[in-house]
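One chain follows as structure tokens, the form predicted on its own.
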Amino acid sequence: MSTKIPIGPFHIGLEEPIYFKIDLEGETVKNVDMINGFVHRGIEYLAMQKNFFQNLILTERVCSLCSNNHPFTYVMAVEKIAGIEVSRRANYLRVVADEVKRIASHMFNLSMLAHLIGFHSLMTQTMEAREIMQDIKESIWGNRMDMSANTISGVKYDLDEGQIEYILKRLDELEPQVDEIIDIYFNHKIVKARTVGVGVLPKEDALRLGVTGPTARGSGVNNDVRVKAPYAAYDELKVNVILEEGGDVHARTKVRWREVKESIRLVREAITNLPEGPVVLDKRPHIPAGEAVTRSEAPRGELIYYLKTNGAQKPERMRWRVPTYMNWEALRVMIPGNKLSDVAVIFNSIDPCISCTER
């Protein structure tokens, strides 16, 4: 006997506002339809009412967990149009800010996974370890979420020896905790029972749908923008791409944890090899007429910005494509064939951001 079940748009089991219409046969999902559009804020229109520097603040507020990548990708577009060359030191500092955000973002998503499978002590342990990254953000950038690290032609902050020593000390505290937690996520029977073989996205479907970020890399697709199209200092720091072949929730979990380890390595390497030089240009640059497309690897995947200018102080057109937009359709492959109780777990495994997508 088939049954239709609605979940959402606002539901305790969903991290984001989305409406699932699910066809069930017994406890097994036969088909799923997804409806969004509950948090549209008109930010793209607003961006064209603000000048280039005001848009640094606006783009940072598209999404709290990707809040460094949005202004980072935006300033790269402005700099491309204006022909601005950013100093090596500023590029290294941009990488530091970005990888710190990636660690915190991944650990938040992974703690939500523990919550959704009912392993609440593991969720608490993950969030407590993540607090180290929140402390670093607050100490260095003055805020636990929006860091305001980037500006046009460089960054707004520098690191002195004391700050570098502090970051290294806190990472030394974090890493053994991460190793201990990883062992639980990878091997504990409760985690494996709820994630292994659940929400499978085969590699051919990942390629066909063009999914991005850890969602793709969990299906064996090497698509890391930091490696495929290096920007800032990533060509010098050499990112190790993390790949898993399973394609299920467990594989995507393993990708994120291994990326946390890789980001810790990148932050250490960037701050211990920080080049000398200025962090920003002395004069405010003029932004001429032109067009640019730039992209970066946000925690959720590839983030693309399109910017068109006409020589005035405001963008003529700005548009962006976010990772969730590409990962969204993969849910139609991942969810059918699984149990109703797995829907929220699978949804969480693409690290959805409806705030980015609908903006």
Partner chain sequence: MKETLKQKIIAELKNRITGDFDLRDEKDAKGNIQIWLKLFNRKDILHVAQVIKDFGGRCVIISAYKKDDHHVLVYHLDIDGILINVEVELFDNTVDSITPILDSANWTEREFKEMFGIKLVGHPNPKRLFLDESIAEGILGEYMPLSQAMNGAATCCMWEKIESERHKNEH
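Residue numbers count along the first chain shown, from 1. Small disclaimer: the values here were computed from a predicted structure and weren't measured.
If you look for the form predicted in complex with the partner chain, you will not find it shown, but the lines that follow are about it.
Shown without its partner, this chain lists Arg144, Arg265, His188, Arg208 as candidates; in the predicted complex, only Arg208 has a non-hydrogen atom within 4.5 angstroms of the partner chain.
A heavy atom within 4.5 Å of the partner chain in the predicted complex is found for exactly one of Pro285, Pro202, Gly197, Pro230: Pro230. Though the partner is left out of this view, Asp33 does reach within 4.5 Å of the partner chain in the predicted complex, counting heavy atoms only. Put simply, Asp135 is far from the partner chain in the predicted complex: not one heavy atom of it is within 4.5 Å.
Remark: Ser355 does not count among the residues lining the partner chain in the predicted complex, judged by a heavy atom distance of 4.5 Å or less. The closest heavy atom approach of Phe53 to the partner chain in the predicted complex falls outside 4.5 Å.
If you check the partner chain in the predicted complex, you find a heavy atom from every one of Val293, Ile304 and Tyr325 within 4.5 Å. Contacts to the partner chain in the predicted complex (heavy atom within 4.5 Å) from stretch 314-344: Arg317, Arg319, Arg321, Tyr325, Met326, Trp328, Glu329.
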